[in-house]
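A lone chain, given as structure tokens: the form predicted alone.
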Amino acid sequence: MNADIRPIRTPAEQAILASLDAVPAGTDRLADLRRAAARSFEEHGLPHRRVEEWKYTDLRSLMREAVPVAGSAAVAEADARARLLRGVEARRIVIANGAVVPELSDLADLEEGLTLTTLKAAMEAGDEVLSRIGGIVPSRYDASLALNTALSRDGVVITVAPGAKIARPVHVAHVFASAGAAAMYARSLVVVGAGASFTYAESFEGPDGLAYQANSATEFTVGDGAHLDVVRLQEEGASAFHLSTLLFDVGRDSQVHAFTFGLGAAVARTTLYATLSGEDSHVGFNGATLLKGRQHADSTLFLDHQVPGCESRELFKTVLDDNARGVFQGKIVVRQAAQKTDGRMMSRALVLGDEAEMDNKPELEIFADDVQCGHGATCGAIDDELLFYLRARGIPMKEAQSLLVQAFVGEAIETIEHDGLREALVERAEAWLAARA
């Protein structure tokens, strides 16, 4: 007798599966990708603690309900809520509720060598660059990326021509601007040609009173000898649920530096996948997270060294107050052909609250024999001797703590090359500390 065995679905999974019914039919490659992603989610569902990559961020437990996909945002509402990084001199693109808002976006008079369009327009025009979407494939099923692939309808597509030097950053501002809780999805693609130089910034924000959900994914293809800087600021509303994925394919002799800064959301997970497919490249992936209340934030990295002579550096700082929980997972894989690899990874956590928790899981998987690789993780409270030194000079307790926290986080923020973006993130850290005091 054959039993019809069906997995038990949570209410959130059932609601998501219902929304996947709206995945459009079609015969083009993107439609095929969407349908494949929908089938993957139908098969695997939300990850839980028995899935190793999600051990500390049990989505099946944390995502108790799924909200409907957000509709179009009012231009005035989106403009009022998109505040982050406004003081930075950059070309600004506003994505509200997962769709680009042309009235608020600087899409004209592009620099020589820079091509910028919306994902929706690129799909309508059948742009050849879209053949790169989905080209960077994680080795394992990722629920966050699968949902983004299936449900995203808009985003930005940026191409930097070979040899072009684009001095002015492009800032993509994601904002939630609806009256009720909903989910927004955005997918972006950045292609940096050989020998080009480019700075890309992203920000994420929304109101505090709504339990909305945000899911973004950005793919970066970096040509030989190119230089790419990426800066991300996540300051979602206090009740929001944030999932984001960054995917990098790094060419020969290239330089890639990415910094992620997390302050907001009730639950946040940022996953970074990097494939070093060109020899003698250098990547630096750094970040800082400031948590309070009962916030939960997860930074997870997968670095795949496939070829010889590449170098990778990772430094992540986490500050935890009250009952917050931080998670850092980092895995460096060195393939057999990737001789002369130099990889270093470090996670450091500063615990301010008695009930706060930090989970670190650094990993190395090495199949080559001529490499230099290492990882480490530390977790502790503020140094009493340093605190006494400042207090003995008349500095009040809260101010002394803020100075030490600022210095702790500042080591990571200082890795940002762009002056304006670096100063903007220092200001956000200072504002967080001032609110704590």
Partner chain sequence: MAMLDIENLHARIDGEHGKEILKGLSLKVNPGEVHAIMGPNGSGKSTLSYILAGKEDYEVTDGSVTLDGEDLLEMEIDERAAKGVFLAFQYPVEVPGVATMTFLRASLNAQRKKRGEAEISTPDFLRLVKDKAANLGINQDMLRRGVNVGFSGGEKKRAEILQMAILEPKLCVLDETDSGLDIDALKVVSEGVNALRSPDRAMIVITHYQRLLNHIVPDFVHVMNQGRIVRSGGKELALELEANGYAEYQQDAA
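Numbering follows the first chain given and starts at 1. Predicted model only: the values in this text are computed from it and were never measured.
We do not show the form predicted together with the partner chain, though everything after this point is about it.
Region of this chain that lies against the partner chain in the model of the complex, out of 54 to 62, 364 to 372, 35 to 43, 391 to 399 [heavy atom, 4.5 Å]: The contacting stretch is 391 to 399.
Residue among Leu30, Val67, Ala377, Leu404 with a heavy atom within 4.5 Å of the partner chain in the model of the complex: Result of the distance check: Leu404.
Contact flag, Leu386 vs the partner chain in the model of the complex, heavy atom cut 4.5 Å: The answer is yes: Leu386 has a heavy atom within 4.5 Å of the partner chain.
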